[in-house]
Each structure stands twice: as C-alpha cells, then as structure tokens.
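This document starts with one chain, in the form predicted alone, laid out as structure tokens.
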Amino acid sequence: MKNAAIILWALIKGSLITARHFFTNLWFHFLRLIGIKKYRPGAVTIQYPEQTKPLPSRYRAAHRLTKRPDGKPRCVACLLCATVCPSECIIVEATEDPDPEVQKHASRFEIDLARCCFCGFCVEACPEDAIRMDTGRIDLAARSRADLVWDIDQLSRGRS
C-alpha cells in the first residue's frame, strides 16, 4: 500500500509539473498574440530538419582533416590522436613521405563514428592542427555501420 501511494504521488507531481509548463507557455503565447508581452515568447518547438537551431561556435560536430597549401592532408601520422582517443575509434597507419620537409604522412586514417564519443581529445592532442570538429554536421545517419567508418578521403572533403 505504501508503494502504491508513492507511485501515485509521483504521478500526480509529474502531471502538475507538465500542466504548469503547458499553461505557462499557453499564457505567454496568448499574450504575445494579442500584443502585450512581445519580449518573452512561450516555448517553441523547432521543426527540424526544415528549421535548424544555430550551433555554438565551440560545438563538436563531425570530424574533418585540414589540408596543406599543396592539397595533401596535414596529418604527419604522429599517432597522438589515436593514442589519446578513449573510444579507440581512430586508426592511423604511417608511411614515408617523398617530400623532405615532411618525414611521414598517413597512408590510412579512419574514424569509426559509431564508436566515437565526440570528446574532442583528438583535436586537442594534434600538434599539426590536422583534425578538427568544426564542420557543423550533426546529421550522421547511415544505413549500415560500415558507412560510419570515414576514411582519409571522406575526412579530407568533410564528407559533404
């Protein structure tokens, strides 16, 4: 009997909170409609994907690899991003670069976005500023898990 009373009280309390939010928003929508309170709108639902909410400037979205002036990826395969990644979703394989200015480059660079937790440690660890998470892409849907493994070509063009 005591458990039933606790459950009933929790349901009533939740219903009162929901009703309070509903009627508060309804009131502010009504006041805005008749022109009294124009500075405070009620809660508004964003109709995604037709309308998008602006993302903060520091939002961590999909990854991309930056390029050098000659068009090659900036990654020098130092493996710091793969080492610091808590999800272990980054795979980097290094090969020698024919350019004497660059010791090595990444012949294989993959990020498994199905495993990535978007913590941004890889961006912070990169000494060459080769990887960034500033694409603004948040719609990372795919038909299979294999489609969520982005290779060096997809990361270089921002997967557009």
Partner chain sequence: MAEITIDGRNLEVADGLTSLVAAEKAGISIPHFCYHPALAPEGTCRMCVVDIEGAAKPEPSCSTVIRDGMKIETRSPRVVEARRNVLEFLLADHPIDCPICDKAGECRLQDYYRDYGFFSSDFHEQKKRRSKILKIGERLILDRERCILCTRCVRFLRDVTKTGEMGVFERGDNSEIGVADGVPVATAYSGNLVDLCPVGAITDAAFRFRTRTWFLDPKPSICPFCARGCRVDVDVHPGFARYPETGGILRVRPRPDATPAGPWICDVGRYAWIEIESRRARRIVWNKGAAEAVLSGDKVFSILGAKIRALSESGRTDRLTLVLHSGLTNEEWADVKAFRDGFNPRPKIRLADPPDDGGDDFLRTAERMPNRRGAAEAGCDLQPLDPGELREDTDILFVFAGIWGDIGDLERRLEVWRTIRTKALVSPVLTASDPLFDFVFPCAIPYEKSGSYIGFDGRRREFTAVRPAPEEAESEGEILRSLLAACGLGARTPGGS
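Just so you know, these numbers come straight off a predicted model, no measurement behind them. Positions refer to the first chain, counted from 1.
There is another form of the same protein, the form predicted in complex with its partner chain; it is not shown, and what comes next is about it.
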Name the stretch, out of 45-53, 129-137, 23-31, 87-95, where some heavy atom lies within 4.5 Å of its partner chain in the predicted complex.
87-95
Heavy atom of residue 66 within 4.5 Å of its partner chain in the predicted complex:
no
Taking any heavy atom pair closer than or equal to 4.5 Å as contact, tell me whether residue 119 reaches its partner chain in the predicted complex.
no
Classify residue 123 as contacting or not contacting its partner chain in the predicted complex by the rule of any non-hydrogen atom within 4.5 angstroms, answering yes or no.
no
At 4.5 Å between heavy atoms, is residue 35 in contact with its partner chain in the predicted complex?
no
